[in-house]
Structures are given as C-alpha cells and as structure tokens.
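Let's start with one chain on its own, the form predicted on its own, as structure tokens.
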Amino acid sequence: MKIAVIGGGPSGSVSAALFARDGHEVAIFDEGSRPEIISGESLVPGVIPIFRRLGIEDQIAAISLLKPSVTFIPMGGKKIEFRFSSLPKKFPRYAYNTPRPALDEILEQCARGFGATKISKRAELLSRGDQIELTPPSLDSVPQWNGRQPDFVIDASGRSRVSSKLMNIKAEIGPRRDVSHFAHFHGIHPEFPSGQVIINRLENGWSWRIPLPGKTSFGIVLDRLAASNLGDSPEARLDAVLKNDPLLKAETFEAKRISRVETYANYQLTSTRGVGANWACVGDAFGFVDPMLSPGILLALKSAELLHQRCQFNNLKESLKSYSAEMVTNLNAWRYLIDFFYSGRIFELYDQGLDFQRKFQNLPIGFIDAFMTSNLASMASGFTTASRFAQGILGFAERYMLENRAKTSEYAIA
C-alpha cells in the first residue's frame, strides 16, 4: 500500500514508522517549519510503553529529565502531589520532560529507519467526493510512486486540520475560551525532587513549570479577556503573571526569559468527523482536549498506534469506523477527567478523603489517600483514563463524598 502522511510531528512520524515497518510505501510530507519551542514538553507515563515498542526509550531518556510526579497548588500555599510511584507495579512509574524539537527529531528518525520517505515540503491536496488525493505537483515529489495516487492518506497536520478544512468538516469547540503564552527561562528555582512539574492555580487560569535540561518551560493558560487585561502582547502578559502572582513572584524572582514567547489559542477543538473514504486523522488533527494534565503527546502517539491496529485495508470502512469510535471515547475520557480539575472537584475529593480518614481512624493510615491517589494517578497517566471502572470510582466518590458540598468549589479554575 502507498500511504501519504500529512505532517511530520509525533503522530505523523509514529504512524509512518508503524506502517512502514509493515512494509508499506510511506511518504511523510513535512516542510519542517516549526516554532522555536512547542507545547507538549511534559509527558505522562502512558507514553513509555509506546517508546519501548518503537525501541527508542533510551534515546528519549538521553535528551530528557525524569519526571517523577506532578504537584498542584490549588490555592494559597496548599500543595497536592500526584506521585507516579503510586501507580500499580504493572505500569511504568515515571515519565519524562522532553524538549519537543529533539523529541520530534527522534520520532522522525525512527520512521525513516523503518523505511518511510521524508518529503520536505507541504502536501497539496484535493478532494474527489470523500476521497483525498495529492495534487500532481505533490504526487511528483514521490517519484517512486510513478504517478499513482496513495491508497491511504493520514492527516497528521495538527491544529491545521487540513482534511477537515478540505472536506468542510466542522469542529466541536469546548466550553473554555482560553489562550496560552509560554517560553523558556533560566533562573527559575528547581523543584524537589528533580523533574517535578508544578501547576499553579491563578486568579483567572493556571500556570505550569516544566523543568527541562538546562532550563524551565513556564506557561500560562488564561481566560482570553483576563489575558487581554494583563497587556497588549504575549510577553507583557507572561511577565505580568510572574510579577503579580504572589506565589510565583516569590519563587521565580530571578527568572530570565531565553526564548521568544509562543501563543496557542485554539484549545478544546475536535473534528466532528475524523475519518473518510481513504483517509483518517491522528493526533491534534482529530482532536485536542486541553493542556491540563499534558495528554497531548500521549493522544498523538496512541492515535497512531490505534489507527495502525484497527486499520484493515480489505475492510477499510468498518475498520476506520472502529478506530474513530475508540478515538472519540479516549478524547471524551480525558475531557471527563480534566473537568474534575477545572471545576476544583478533584481537590474537594482529596480534602474529603482526608476527613473520611480522620473520621474512621480504624482504617490503615493513609488508606484513603493511597487509594484515591493510585486511581487518579492511573487515570492521569493515561493507563486507565477510559476505564469504566476507574471513571466509576471517580463518579461514585463525587456523588457520595461531595453530596452535601456546594457545586461551586473554592478550588475551581475560572
């Protein structure tokens, strides 16, 4: 089979690697125009098995910092740590903080190592009914195909959503209207333990601190109106948060920005249809949930693996239908979990768990904390996010542990 992959980011490279490994003729179209820094630097443990299956974990580890856990600061000086060490032993109990350009390069080299061809230009596409084809100039870029159209097209174009735009497919937009600004810094004090990611709740959003080798990625996610009130430029808004938030001001007073400030605005965007007659979307081209909990790279890699597993070219329509349904399930599962953090209910549950532990002192010390932390860590790590059992535990806890508490949490992120 001849397969054209549109985009060379993580989902595109992994898709290309998997299909090329099977002996298909794969061409990756990617012009290589990426910004200086890219979001998706903080990974979750769910990516580790995928790296291992591709045989590249050692390469990833060499360019990364080990990430042992994530600390949330929902208000004031209160800290809640979600430790990967609490994961069941069958799962990897760590992740990585990884510079994205270097990660993307390793994934592209992996695809090329399995036989995929890199075409260093943007693909031009046209539609014939519900089929996607390459324009003659783009087709000529793959001379070994001798003018034959690809049998299958994988849209890994990210938020550009080229197939959706080509087919006039609408997107479902989530309830939040946030904007993110982020950059790399020197001088932000390292957290303990090394590699710890810190999430701070802000007055109208939240911020992240991701330790990377030799620097720290700092970013903010704010309501658009609140962001506009902080300044006329991304640089001004980022600086305003660092200077005005009391906790950040104390912990980052020596920070010096060493990169340009990047901006992302189209969060919570999912195509209403992610597959067609001879094409399928992977990664952000199918849907992006939210940067909270850092699911982006996992969903990108998992979508590539899932498409490869489900795709049967002798029964393409039904196999793509199965792939699409499972992708929607995964995206909805992450939305469900992330909403617990934005609403503040996850921290309310944590408080109630501690109260419950104090009330029933005959329980083993730390039982409730360990149980809830393990379940949440498994979900937030990407292993049980879509598990009905794990979701059921979370829903049961919310229903019965928070039944007498106000629906509007003091921990909620505006």
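What you see is a predicted model, and the numbers here were worked out from it, not measured in a lab. Residue indices: 1-based, along the sequence shown.
Here the subject shifts to the form predicted in complex with a small molecule, a form of this protein not shown in this document.
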Worksheet item: Counting only non-hydrogen atoms, which stretch in 286-294, 233-241, 82-90, 336-344 is within 4.5 Å of the small molecule in the model of the complex?
Response: 286-294
Item to complete: Using heavy atoms only and a 4.5 Å cut-off, decide whether all three of K78, I198 and T252 touch the small molecule in the model of the complex.
Response: no
Discussion item. Just checking whether E41 would be counted as a contact of the small molecule in the model of the complex - the rule being heavy atoms within 4.5 angstroms.
Written reply: yes
Discussion item. If we define contact as a non-hydrogen atom of the residue within 4.5 angstroms of the partner, is F114 a contact of the small molecule in the model of the complex?
Written reply: no
Worksheet entry | the small molecule contact in the model of the complex: L331, any heavy atom under 4.5 Å | no
Worksheet item: Looking at the partner-bound form in the model of the complex, is V162 within 4.5 Å of the small molecule by any heavy atom?
Response: yes
Worksheet entry | Contacting member of V275, I210, A183, L222, with respect to the small molecule in the model of the complex [4.5 Å, heavy atom] | I210
